[in-house]
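Given as structure tokens, the chain that follows is alone and in the form predicted alone.
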């Protein structure tokens, strides 16, 4: 995340501890001993009773909330853009292989998006500002995938073969799932958190480990390995628990850990089984893994 994002996160935490009043009055309005308020910067203004409303000196709290969430959106967008550009540069300089760079973007962009949610305010409309971030990336993928624009760095960072049309499959499904989780589940539900953790942390790590150490293949799918599936189970579970703990510390969710941990372990196991099935050519992992995780988590973690 950028420096602006970190400052917004600190402000958001303080905002939760001390709720803002619905209006903000200028500080120079000092009460007098006779129960009136005088505005020394406007000498001709008559005295006003304390119980009277002075609307022209009132700033609506909704305007402040709008500006705050807009600033958070700009900060997170800047962080997302910087992340992709950084890995594009590493790929261009041959410091990272294109395949590894693509997977690291897959892992980090979704997880950093999850970590950025607490930056936004507690307003019910904050989720729409957060969802705007993957929506912008969705438009970028559509523009480049349909050859309406050409961003070579984006194509190299997110595709296997360098074909722009690849952007319209896995990467596009990925940002659509990010948008869906932000809009439907948001911070108050562990369902979206676990779904994104399995898609980003679990599935992403599985591909990296599987390619490097995946000599022993799964009997029913020779394209998947035991090393990849085990790593997805372990990392998906650990990332899910880690982010849930992060959200619980910030007060967004309240969990009974004695029952939550085994339930998340079971959800991770089911998601791992789905990822290992030979259905990749029919259903992309970026669709099957998070949607199945959402369905199972809904029945196990709901409420």
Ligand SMILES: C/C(=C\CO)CCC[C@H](C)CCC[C@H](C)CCCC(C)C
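What you are looking at is a predicted structure, and each value in this text was computed from that prediction instead of being measured. Positions refer to the first chain, counted from 1.
The same protein also has a form predicted together with the named molecule, omitted here; what follows describes it.
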One stretch from 121 to 129, 188 to 196, 105 to 113, 87 to 95 that, in the predicted complex, holds residues within 4.5 Å of the named molecule by heavy atom: 105 to 113
Does the named molecule come within 4.5 Å of any heavy atom of residue 181 in the predicted complex? no
With the partner left out here, check for me: in the predicted complex, does some heavy atom of residue 177 sit within 4.5 Å of the named molecule? no
Residue 83: heavy atom within 4.5 Å of the named molecule in the predicted complex? yes
Residue-level question: is residue 201 within 4.5 Å of the named molecule in the predicted complex, judged on heavy atoms? no
Along 129 to 144, which positions have a non-hydrogen atom within 4.5 Å of the named molecule in the predicted complex? 133, 134, 137, 141
